[in-house]
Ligand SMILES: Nc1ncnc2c1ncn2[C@@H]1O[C@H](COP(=O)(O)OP(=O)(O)OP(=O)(O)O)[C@@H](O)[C@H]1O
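Shown next as structure tokens: one chain only, the form predicted alone.
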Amino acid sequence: MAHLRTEGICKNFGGVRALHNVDFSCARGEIHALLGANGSGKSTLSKIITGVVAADRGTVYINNRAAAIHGPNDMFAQGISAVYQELSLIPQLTVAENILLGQEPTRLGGINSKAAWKRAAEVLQTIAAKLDSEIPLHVPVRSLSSAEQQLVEIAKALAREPEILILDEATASLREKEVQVVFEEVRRLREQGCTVIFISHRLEEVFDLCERATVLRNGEVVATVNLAETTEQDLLRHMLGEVASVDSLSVPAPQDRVVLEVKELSSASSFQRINFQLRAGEILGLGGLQGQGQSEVIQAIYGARPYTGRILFEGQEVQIHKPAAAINSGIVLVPGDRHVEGLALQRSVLENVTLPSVAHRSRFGLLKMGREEEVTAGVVERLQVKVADVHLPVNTLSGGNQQKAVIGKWLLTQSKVMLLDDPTKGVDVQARLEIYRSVEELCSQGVSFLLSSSDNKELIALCHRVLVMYEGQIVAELAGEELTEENLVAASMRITPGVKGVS
């Protein structure tokens, strides 16, 4: 008997069909992957199971009984916990308060603070102890890194000791060691009879953790497979049909003209003495293990982090101490955390795409809606953004299409340098290729890119050169035939004889 199953689930958002007659089931104590391209319906199905989204038609069954789940209370009553890539933490509350929110121990009609802290410490310790690190219980979660916040979100779900756990891109912000610790906890829950639904674009994680996988495409179930009998290519064919390859990319050679130069750039304990030149039409990568200062370098150039040293734009020194100064100079950011830094989620696709460039089209402080719709439609067509109506909220788009909207808003500003900070995190293979082709096209027009990525294959496919960072410094430069995955990994771990070093 299935522990959890859905029958005939259908859901439309406006004119977009998200799910159509979805039948899905998993057994008690099973770790079951739910896969598909961005926009295939994975997150919508998980949110219907948890009551965040109401199905137009169909039924969710738990232990073979129809479950009426209309919100968090119903979800918790059914023994369900969920972890999403979009965090549900309250930034102002402490780590302990977030972990036990809604399930605080009580005594004499009030919260038993001592018992609450003890319980929060027990839950967080199961994760933090294995990482040889400590996340303080008393600090506000807003003071933590994105990876630490994600671990707190996972601890919050584990604290409920769920019978059904949904992990929807929950590992996207985590490093490999952190992922493995989370997997240990997931396997422990499975041994206790917990059923786990695992959603991820990282297929290596799927094969590592899961026994079976159900694949959605265009809102419909196209396959349920035993992973022991399946290859990555099989899954990709189910997800996308014929799979395009990054080998089809042809990034043009850069020009000789230097657009951006940094000299002796440093920022406290984040990075030291960074020097490089970025030429017109060049894609320059920042590689290395995660957390070695790559994102911080990008933040400094964008004016979001204090720095010392010099930044030259088109040969002239510029003072960039806030993002507005960078944007005015023609330097823009496409962040990995699009929900916090890239988009106004409740506003429409049109508003998100047009806002940075609205001054270029206003006359006497007035705008013509027809013109705004026209330029938005041009961006949507150029980047192949899947949206039924540009007036829909941008949070109704899939993750990949949201990221295209972030890129699209800067296309209208005629920017000369784009800073990309892990821009395809949580984005499926097809959407990645579409984003890569947009970058390729912009390069041919002379736009320059500084790309920080945790994906070595992405760096190799796109970049003319990659600067490898280690503990806040550039330790190697790879280009041409030297730019291989083997050399990138070796340089990241400081074991690279024969690779060009950079002081």
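As the structure is a computational prediction, the values presented were derived from the model and not from experiment. Note that residue numbering follows the sequence shown and begins at 1.
Quick note: we don't show the form predicted in complex with the ligand, though the next part is all about it.
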- prompt: If you check in the predicted bound form, is T94 within 4.5 Å of the ligand, heavy atoms only?
  reply: no
- prompt: With a 4.5 Å heavy atom cut-off, would you call G41 a contact of the ligand in the predicted bound form?
  reply: yes
- prompt: If you check in the predicted bound form, is A37 within 4.5 Å of the ligand, heavy atoms only?
  reply: yes
- request: Decide whether K409 counts as a contact residue for the ligand in the predicted bound form under a heavy atom distance cut-off of 4.5 Å.
  value: no
field: Interface segment, criterion being heavy atoms within 4.5 Å of the ligand in the predicted bound form, picked from 457-465, 22-30, 42-50, 439-447
entry: 42-50
Selected contact from L397, L158, A120, V182, since only one has a non-hydrogen atom within 4.5 angstroms of the ligand in the predicted bound form: L397
- request: Would you mind picking the one in V16, A490, L483, C10 that has a heavy atom within 4.5 Å of the ligand in the predicted bound form?
  value: V16
